[in-house]
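Read the single chain below, which is given as structure tokens and is the form predicted alone.
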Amino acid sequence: MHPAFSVIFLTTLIGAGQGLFLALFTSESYSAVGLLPKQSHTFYAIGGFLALLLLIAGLIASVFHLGRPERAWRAASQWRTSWLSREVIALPTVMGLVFLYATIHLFEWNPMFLGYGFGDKITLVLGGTAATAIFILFLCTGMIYAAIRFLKEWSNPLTIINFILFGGASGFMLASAYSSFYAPELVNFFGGWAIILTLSVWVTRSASLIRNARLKPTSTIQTAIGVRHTKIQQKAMGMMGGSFNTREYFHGKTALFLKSIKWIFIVLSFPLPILILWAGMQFDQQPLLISAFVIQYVGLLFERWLFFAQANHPQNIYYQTV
């Protein structure tokens, strides 16, 4: 497939935003039962708005993928059958819940009912609701690709798992850098989880790479054109210029280029940010913590490009020669 940078930025930005909010809510949940020191409302408010900013940036990036942006609202009309429509509904829902969570923390709102103050319980309930919506959004985003059965590179559970783990890893990586400004005592907590999630997605993404390398197409050039001759060779694509099919369903890059992208994303997404994050945690270096997130995010851009490029559309059998 031809990777669209708008979708690449959409999936990576909202993934980081989702992961950051999950990190914040995990911290608040742990502190509620005494496993972590309690933090100020300002810490959760600023972190919540930062997560919201990433979600908004991803939504803006998605607009550039639309041919008719003024008709974007129609995408939600097919929610009964389309995972894309469900994502279109889930994303604003998550954004609204994150906004309420951050706003309540910002104004330290403590509603009273029959003389009883709810305190932090309202943000825990709201945060739990938002976390549930976030996992639903992860599912919707992953299923957009996993549900396409004829694209075997995508059609497997690893697609959904990798979306969740990549978002969690980048979000907790960002949380470790963010906490170094407002809650240094949480750096090791967020950083430890970031390392665990990064190692986990390293395993699952490697598994998907190995699986995809072993895939064999069920269709052949004979079945593509309906001719059973044993020796068929395509000499031309059958037209003087390109078409939508030749532009959107094939990336046009060489095998060497794809291999280079694969190793670049592996190095930038997994071992390098882990080492930099570990060094930042050990030596209490804020620039290293920030660098770990930035480097991993750049690696995720390469990873997501390869994710789309490796999907081999069956129509490419017919358009082999371009």
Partner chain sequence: MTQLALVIDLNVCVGCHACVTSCKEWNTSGEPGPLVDENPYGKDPTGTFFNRVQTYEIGEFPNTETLHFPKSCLHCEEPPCVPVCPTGASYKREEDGIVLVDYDKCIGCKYCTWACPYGAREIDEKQKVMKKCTLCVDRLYDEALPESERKPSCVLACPTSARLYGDVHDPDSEVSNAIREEGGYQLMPEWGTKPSNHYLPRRKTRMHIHEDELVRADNPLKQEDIRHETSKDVTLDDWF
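This one's a predicted model, so the numbers in the text were calculated from it and none came from an experiment. Residue numbers count along the first chain shown, from 1.
This next part talks about the form predicted in complex with its partner chain, which is not shown.
Engineer: Want to guess which of 127-135, 75-83, 95-103, 205-213 is within 4.5 Å of its partner chain in the model of the complex, heavy atoms only?
Structural biologist: One stretch meets the cut-off, namely 75-83.
Engineer: Between the options Thr223, Asn188, Asn156, Ser200, which residue brings a heavy atom to within 4.5 Å of its partner chain in the model of the complex?
Structural biologist: Spelling it out, the residue with a heavy atom inside the cut-off is Thr223.
Engineer: In the model of the complex, which of the listed residues (Phe25, Phe308, Phe9, Phe302) lies with a heavy atom within 4.5 Å of its partner chain?
Structural biologist: Spelling it out, the residue with a heavy atom inside the cut-off is Phe308.
Engineer: Should Gly252 be classed as touching its partner chain in the model of the complex when contacts are defined as heavy atoms within 4.5 Å?
Structural biologist: Output for Gly252 is no: heavy atoms all beyond 4.5 Å of its partner chain.
Engineer: Can Gly242 be called a contact residue for its partner chain in the model of the complex at 4.5 Å between heavy atoms?
Structural biologist: Because a heavy atom of Gly242 falls inside 4.5 Å of its partner chain in the model of the complex, the answer is yes.
Engineer: Answer with yes or no whether Phe5 is in contact with its partner chain in the model of the complex, where contact means some heavy atom within 4.5 Å.
Structural biologist: So Phe5 does not count as contacting its partner chain.
Engineer: If you check in the model of the complex, is Tyr145 within 4.5 Å of its partner chain, heavy atoms only?
Structural biologist: Answer yes; at least one heavy atom of Tyr145 falls within 4.5 Å of its partner chain in the model of the complex.
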